[in-house]
Each structure stands twice: as C-alpha cells, then as structure tokens.
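Take a look at this one chain, the form predicted on its own, written out in structure tokens.
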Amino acid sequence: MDTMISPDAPVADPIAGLPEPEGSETEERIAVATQWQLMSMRFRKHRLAMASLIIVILFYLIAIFANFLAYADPFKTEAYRSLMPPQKVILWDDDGFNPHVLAVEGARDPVSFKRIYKTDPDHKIPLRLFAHGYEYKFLGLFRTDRHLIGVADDAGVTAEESIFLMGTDLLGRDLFSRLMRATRISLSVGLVGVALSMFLGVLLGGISGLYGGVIDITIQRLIEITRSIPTIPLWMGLAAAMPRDWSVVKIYFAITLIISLIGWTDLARVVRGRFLSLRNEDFVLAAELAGAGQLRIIFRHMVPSFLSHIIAAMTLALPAMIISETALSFLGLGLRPPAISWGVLLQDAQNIQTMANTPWLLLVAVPVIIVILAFNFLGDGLRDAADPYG
C-alpha cells in the first residue's frame, strides 16, 4: 500500500534518508543574501559592536543638540563662581518627587584665603524640563531659549547662576555646557577629517593600483615619506605656520586639513592592494571596453566592490582623528580659545595641582575615553562583518 506524504512534511534527504535540518531555511537565506545583507546579519550578532553603535549615535545626537542640552552660556564668565565644585541633583524630598539643587554661597577661607563654597540646605532651586535659558539658534533654523533642563520660571534665578552639574572652570564658566559644545567641535573635526582622508586615500590608492608603473612608485614613495615624518614635530611645524590672527573658523578648517593630510596613507595602501587584485577582473575590462574613464572605473565599479572594508577602515580611523585633534589642542597647537573642544577643555588639567584641588576638571577626559573605545569596538565589529565568508 502506498504511503501518502503530506505536503507540509519535511523533505527527506535523498542521500542520508533523514529529514532536512531545521536550520535549512536560514542557510538558504544566507545563500541568496547580498553582501550588505550578510554584513548586516553578522554585525547584529556582535553585541559589543551593537552597544558601541548606540553609544556613538548618542554622542552625535549630543553634538547636534549641544545648545539645547547646555543650560548655560558656555562663553559667559563670572569671577565670583571660579572653580566651583559640581552640584548634586536631589530628586526626592519631603514633598515627594521634586528635582532641585541647593543654592551655593561662596566665601573666602580666612586661613588659606582660598575661595570656598557652601550649600544652603534651606534654599532649594527647583529644576524643570524644557525650561527657559540663554537664547540660541536651534539647528541653525530659528532662535529659541528652550533647553532640556533649567530652573523654574518662578525660582527668581537663572540656570547660569544656579546650576553647575560639573562645576566651573577658572573663569567661572559652566563646565557641563562647555562640554556639550566641545563634543560638537571634536566629533565634527573627526568626521570631516575622515571624509577628506577617505577621498584622498581612495583616489590616490586607486590611481596607484590601477595605473601601476611610475605613478605607482611615485605615490608609494610619497606615502613612505609622509609616514616617516615624526607626527608631533610635523604638527608643531604646521601649527606654527598658521597666522596667529586667524579666526576660529579658519583654524578649525586648517586643523582638519592637517589631520587629513596625515591620515590618508593607511587607507591608500589598502585600496591599492585591492585594486591590484581587481584591475584584471572581467567587469573592469568590460568597463574599459565600454569607454568608461579611469575615475568612473575607480568610483563607480571598483570601490563599491569593497566598500564595506572601506567603511570598517574609516570607523577605525575616526578615533585616531579625534585623538589627534584633542592632542593638538591640549598641547596648544590646535584649536585655541575662544574655540571649545575636548583638547581645549583639557588644557586646564595639565598640572598636579588640578588633580589635587579641582579634580572635576578631569571629567572632560571621560567622554573622550568612552567615544574612543566605542569607535574602536564598532570598527572591530564592522571589520569582522565585512568578511561574511571568513
């Protein structure tokens, strides 16, 4: 008697005589997936890289909405609140949930003559979301004075006079608000610098690998010369060449250009190696026979074939760019006041006395460490995911 087979029954393996494994559907999906789909699936399994991606996105959101998050004018100075320690935010009191800070009063120590600060437990300053503060241009579109946090309208004081979540610097400027603005500058320098270095690396590395011969030798010797120059003396020389009367905007673009001119060499060598292996492929020869120009062959046909590797390399290059700007500004060779960057803020923490008396000035180093680690873990995850067959 013939046995009826249900159409929903698992298909038998004709070789082993066993049902097909349950994971066959996943294997089939992987077999027909594109390169980007394979990269996405493998990247999502990298938990550390996924967490780092969230951290990086949060930092760039902070950079975009820096003025909205900063409750005080980052440039406003007040001598009477110089080197004020961070305030504690109190969420609950006898009335229940009531976010507030305690008012701070400054005085002069009669023995050491140092300025000291005491909190007044009887003077509570309530905090509110979306409170009024200093005026700014939101995303460059319209002017507003709304900020994420601030004091209540009936408190009788302003946020600039009463809230110091991370303390103040030597000139009495609010450190938290300055850190928000510094995040925008430092992250944008890294992003713009990576974009410029990526363009130079892909262009010169592609030309070197595609043409070969004298052009290849010339570009490779240029890379070796650039990499052989000590970084710090090169930065010092280029920084000294910048006029002292330049505006903050000019110095910003000059520093970005300097970092880009130094950071393109690694990517250029990677691109050259890939081009050497691809230039004799059929799709490149077909593009040449169709009359495509060399730049079109580089950017339209060859670069997309290993774009995932370029993205991974750029993600790993971003922290190096950020560290370069921070180091330059920390040494006084990069951005200078009134510009605000992580390196400029860390200039106030260059001595042992700072660590002993005003340790809160070192809090600026915390976001630097976090974002550098996040970019490195993100780059590692992208690099592993870029080779889905590995």
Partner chain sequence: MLSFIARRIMLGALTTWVISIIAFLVILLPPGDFVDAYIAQLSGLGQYVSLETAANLREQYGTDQPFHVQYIKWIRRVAHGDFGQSLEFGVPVADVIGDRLWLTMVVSLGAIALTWGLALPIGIYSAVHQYSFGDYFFTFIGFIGLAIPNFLLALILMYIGFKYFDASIGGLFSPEYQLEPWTWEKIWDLIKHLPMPVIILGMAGTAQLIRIMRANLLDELRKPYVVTARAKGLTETRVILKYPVRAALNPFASTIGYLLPFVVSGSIIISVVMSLPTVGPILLRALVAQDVYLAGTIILMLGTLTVIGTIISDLLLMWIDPRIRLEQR
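Positions refer to the first chain, counted from 1. What you see is a predicted model, and the numbers here were worked out from it, not measured in a lab.
There is also a form predicted in complex with its partner chain; it is not shown, and the following applies to it.
- Within 4.5 Å of some heavy atom of its partner chain in the predicted bound form lies at least one heavy atom of Phe330.
- For the chain shown alone, Leu191 is not a contact residue for its partner chain in the predicted bound form, no non-hydrogen atom being within 4.5 angstroms.
- Using a 4.5 Å cutoff between non-hydrogen atoms, Met355 counts as a contact of its partner chain in the predicted bound form.
- At the 4.5 Å threshold, heavy atoms of Pro230 reach its partner chain in the predicted bound form.
- Checking 50-58, 66-74, 36-44, 342-350 against its partner chain in the predicted bound form, the stretch whose residues place heavy atoms within 4.5 Å of it is 342-350.
- The three residues Leu171, Phe176 and Arg181 each lack any heavy atom within 4.5 Å of its partner chain in the predicted bound form.
- Residue-level contacts in the predicted bound form: of Glu105, Asp282, Asp95, Glu224, one residue has a heavy atom within 4.5 Å of its partner chain, and it is Glu224.
- Of the listed positions (Arg244, Lys114, Lys118, Lys88), a single one reaches within 4.5 angstroms of its partner chain by any non-hydrogen atom in the predicted bound form, namely Arg244.
- Shown without its partner, the chain has Met355, Ala356, Pro359, Leu362, Ala365, Val368, Ile369, Ile372, Leu373, Asn376, Phe377, Asp380 in segment 355-380 as residues with a non-hydrogen atom within 4.5 angstroms of its partner chain in the predicted bound form.
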